[in-house]
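What follows is a single chain, given as structure tokens, in the form predicted on its own.
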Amino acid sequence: MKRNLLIYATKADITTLPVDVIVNAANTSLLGGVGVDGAIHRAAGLELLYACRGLGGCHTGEAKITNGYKLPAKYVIHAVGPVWSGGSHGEAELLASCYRNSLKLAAEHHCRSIAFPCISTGVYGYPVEPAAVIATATVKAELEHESSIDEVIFCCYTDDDLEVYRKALKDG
């Protein structure tokens, strides 16, 4: 990579990170849910819900962007990850697509910093280790071609997830 690119994992509340954009592990309705999705909607305020209503939902593997409203982040990218169904139903490609589409939207909006949650590893049941490998490898590959983003944070909720994402970053 030609530029000074910082990619790391940390344990934090993604809604508190002072980055240009945070990624929401959204459901297809984009109208809020549990886990990180619910936390982002609560922290951003009702304006986020109103904005999401106008987006018409989102397909698995795709992403849409809104303002961040009451969040420190200027934007929220809502990425819909796959529900784990054993691994033979295109889950890996759909998960990678979430990261690619999120990075594309961030670049289109001239964002320099982005924070990702552990997409699909909560209620969607994606095993953390393969999800971390897909996430970190996809982001690294995409950023070889992307010039505007110079900081990527994998924001983990648990110490166990943090360890897995740090290992994936180191091994990848």
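Values in this document were obtained by computation on a predicted structure and should not be read as measured data. A residue's number is simply how far along the shown sequence it sits, counting from 1.
Just so it is clear, the following notes concern the form predicted in complex with adenosine-5-diphosphoribose, a form of the same protein that is not shown.
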Problem set entry | Heavy atom contact within 4.5 Å of adenosine-5-diphosphoribose in the predicted complex, the stretch among 115-123, 134-142, 47-55, 66-74 | 115-123
For this session: Go through Ile153, Ala25, Ile149, Val164 and name the one with a heavy atom inside 4.5 Å of adenosine-5-diphosphoribose in the predicted complex.
Result: Ala25
For this session: Using heavy atoms only and a 4.5 Å cut-off, decide whether all three of Gly61, Leu105 and Cys111 touch adenosine-5-diphosphoribose in the predicted complex.
Result: no
For this session: Would you please decide whether Pro130 lies within 4.5 angstroms of adenosine-5-diphosphoribose in the predicted complex, comparing each non-hydrogen atom pair?
Result: no
For this session: May I ask you to check whether Ile14 falls inside a 4.5 Å heavy atom distance of adenosine-5-diphosphoribose in the predicted complex?
Result: yes
For this session: Any residue of 10-40 with a heavy atom within 4.5 Å of adenosine-5-diphosphoribose in the predicted complex counts; write them all down in order.
Result: Ala12, Asp13, Ile14, Ala25, Ala26, Asn27, Gly32, Gly33, Val34, Gly35, Val36, Asp37, Ala39
